[in-house]
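Heads up, the chain below is alone and in the form predicted on its own; it's given as structure tokens.
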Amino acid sequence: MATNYAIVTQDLTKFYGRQRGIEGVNLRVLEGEVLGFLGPNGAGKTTTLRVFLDLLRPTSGSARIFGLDTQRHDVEIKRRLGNIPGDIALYESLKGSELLDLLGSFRGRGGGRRIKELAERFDLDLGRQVRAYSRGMKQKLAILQAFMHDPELLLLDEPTLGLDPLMQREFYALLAEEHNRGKTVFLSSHILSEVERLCGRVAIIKEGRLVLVDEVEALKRRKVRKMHIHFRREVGKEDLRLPGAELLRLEGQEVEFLMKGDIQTLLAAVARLPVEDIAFPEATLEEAFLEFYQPAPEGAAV
């Protein structure tokens, strides 16, 4: 069975003069998946999204969306996708309804078919001028314009920025519904718990280069696990030199280790200590992500 991709990049590269934005990015996003795009500020996330939208032209390489070249077919592509930019710029003098009507007209018939439904869902008064909106209300307006035409693909850059917790949960519910309907989501976010909650796979970009693409659960399993122990009495550091474990924290009877070796050997050593309780916390995406951004040892290859 042929695999269908919503986004395909081939050696995608963008330089700003001599400064690298992204280089050699090869990425395939499956139709119907939610993929998280991770990296710190300056890593190349926004550059990648702007190339997808044909707001920037690549120095070399290519990007295709729905099998269409992003440069030659940008108008057709934009009718079929919804975008929430990280830097929202709106026509402040227009009412919310006027702005959405204007943007909907660019997409042809049905360009605003979901405006009423979404405005009610996110409790947004479209009769007010945009300049009177709070930061959170402007973010809601950005969500409406991205979803209102029922797009096949959603490019989302920090989509919950400025939303209160209640509206964040509402947005997560909306995104889950869209995913269940077969929509493709490309999500760039600094909130790693958000990515872990919403995404099946993640792509990590570092200094303009894609360093990893993997399933969230597989990435978490690759992380060295931690072990928490509560002792019946205080234990000295000399008793905590365990094989395959590095002591991270010792606070009274509470101890935290980083597990690095064979677990059977480690547990045999732990069994000789006055253990009252032991736990192995689930690894988080944040721990796995940060591992890619630890400074490389001096002289090590990057």
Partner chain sequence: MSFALLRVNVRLSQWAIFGWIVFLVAYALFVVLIYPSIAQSTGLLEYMKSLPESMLGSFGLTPEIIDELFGKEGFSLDGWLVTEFLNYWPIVVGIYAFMFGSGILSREADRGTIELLLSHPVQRYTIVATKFVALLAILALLLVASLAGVLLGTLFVEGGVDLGRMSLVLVQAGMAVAAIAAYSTLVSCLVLDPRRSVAIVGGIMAASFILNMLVPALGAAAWLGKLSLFYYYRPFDVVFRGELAASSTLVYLGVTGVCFLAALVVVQRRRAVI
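Residue numbers count along the first chain shown, from 1. Remember, it's a predicted structure, so these values are computed and weren't measured experimentally.
Another form, the form predicted together with the partner chain, is not on view; read the next lines as being about it.
Undergrad: From the list L53, M259, L240, L30, which entry has a heavy atom within 4.5 Å of the partner chain in the predicted complex?
TA: Among L53, M259, L240, L30, a heavy atom within 4.5 Å of the partner chain in the predicted complex occurs only for L53.
Undergrad: Name the residue from T184, Q145, T160, S188 that puts a heavy atom within 4.5 Å of the partner chain in the predicted complex.
TA: It is Q145 that has a heavy atom within 4.5 Å of the partner.
Undergrad: Counting only heavy atoms and a 4.5 Å cutoff, which of 116 to 124, 97 to 105, 174 to 182, 207 to 215 contacts the partner chain in the predicted complex?
TA: The contacting stretch is 97 to 105.
Undergrad: At the 4.5 Å heavy atom threshold, is Q168 in contact with the partner chain in the predicted complex?
TA: No.
Undergrad: Can V75 be called a contact residue for the partner chain in the predicted complex at 4.5 Å between heavy atoms?
TA: It does: once the partner chain is placed as it appears in the predicted complex, V75 has a heavy atom within 4.5 Å of it.
Undergrad: Tell me, yes or no, whether L198 is in contact with the partner chain in the predicted complex, where a contact means a heavy atom of each within 4.5 Å.
TA: No, L198 stays farther than 4.5 Å from the partner chain in the predicted complex.
Undergrad: Although the partner chain is absent from this view, report whether L90 comes within 4.5 Å of it in the predicted complex, heavy atoms only.
TA: Flag for L90 set to yes.
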